[in-house]
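In structure tokens, the next block holds one chain alone, the form predicted alone.
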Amino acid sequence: MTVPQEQCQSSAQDVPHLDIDPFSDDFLSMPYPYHAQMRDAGPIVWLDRYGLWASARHEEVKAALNDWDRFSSAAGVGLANFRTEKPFRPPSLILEVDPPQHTRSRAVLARILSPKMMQQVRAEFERQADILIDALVEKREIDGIKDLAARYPLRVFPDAVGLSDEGRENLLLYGDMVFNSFGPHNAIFARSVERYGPVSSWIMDKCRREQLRPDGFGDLIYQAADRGEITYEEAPLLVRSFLSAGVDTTVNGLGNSLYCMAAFPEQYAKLVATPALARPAFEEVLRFESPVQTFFRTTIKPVEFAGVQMKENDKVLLFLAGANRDERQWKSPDVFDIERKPTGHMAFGSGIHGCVGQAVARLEGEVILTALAKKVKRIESTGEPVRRLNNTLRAFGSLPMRFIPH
């Protein structure tokens, strides 16, 4: 990639320059040594390969995420700059906009995904978790991704949104493509967009009101349009936000949970002994193996940040997963400990653009880990885990494992 001259000039300060490609197979397979290299280099570094700023320290990542007025999401949360190039799809009305549009959209989604609503769906989420884990205990030998981490979110979340059963596997393909699009147009991205046309058409068709079950999350968005809180043109795009971000991220959160429970049996034993640790255990998974590894921001005016002068339209790459293992923030950050209190982790972002669906993800993680603790005495790895490389997500393609029942 050729770096524009003006971007090179913006880096001509006393800032560490690193020749790191955060979208290479090597980096995506094992990012943590690179995160440490960036943190050790300084609060802000310059990545020569892409001509952009980056930070993997907790303090700076959190500060930038909370400063939407200077670090914009409306220019895209990926490498592309929507101020200078056309987005490949209509921008998300929740992830890729700033106030006042963001304020209106988020108010609607936050009400739909409120704690009260989570209580209403909790019993069904728990019932489905018990049914699934019972079946997998009977099976014993499973693929943790195909049989559990992907299967469970594809059941409960589309049900809650109000989708029909047909074609739900498209949600995984679409989510994989969306999160890959936040990086460069590399081979990983190219593989994920091969089926973009038909999958995109399927998604937008499912976002129409007549395709949604009455009073599901999707229909509640249209009811907000009925009240004039949003427009009818905005409604299907907000439903799309549910479908593009609400499944794949949780699949990876559950997959990473299974991986950690198998890799650290002493920690899983703690969970089995005390199932009430399910929620903090899931939070520690999110910190230790963050499903969403990175997000970009764009400066919309000249900015001084962490002692660095940034120009208008500079891209800033924020390593959420790097912040979550910052030794300045966490004691022994490379240790997985479900009794840790990882309050303040960046796995869901922070500030006004913090993940609006995090309550759903937390509910799914908690009920699955609770069901496992009650029904499965031990989780054993039976083969080498297979990574599914994604420009933004920390994901597995396969997790061969065995469930040993109580």
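Residue numbers here begin at 1 and follow the sequence given. All values reported here derive from a predicted model rather than from experimental measurement.
Keep in mind that the form predicted together with 3-ethoxybenzoic acid (OW7) is not shown, yet the notes after this line are about it.
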Sole residue of 105, 241, 324, 73 within 4.5 Å of 3-ethoxybenzoic acid (OW7) in the predicted bound form, by heavy atom
241
Just one of 221, 251, 281, 178 has a heavy atom within 4.5 Å of 3-ethoxybenzoic acid (OW7) in the predicted bound form. Which one?
178
Close approach of residue 92 to 3-ethoxybenzoic acid (OW7) in the predicted bound form, 4.5 Å, heavy atom:
yes
Does residue 295 reach 3-ethoxybenzoic acid (OW7) in the predicted bound form if we count a contact as any heavy atom within 4.5 Å?
yes
Is residue 245 near 3-ethoxybenzoic acid (OW7)? Define near as a heavy atom within 4.5 Å, in the predicted bound form.
yes
Looking in the predicted bound form, any heavy atom of residue 182 within 4.5 Å of 3-ethoxybenzoic acid (OW7)?
yes
Exactly one listed stretch (303 to 311, 196 to 204, 84 to 92, 213 to 221) reaches within 4.5 angstroms of 3-ethoxybenzoic acid (OW7) in the predicted bound form by non-hydrogen atoms, and it is 84 to 92
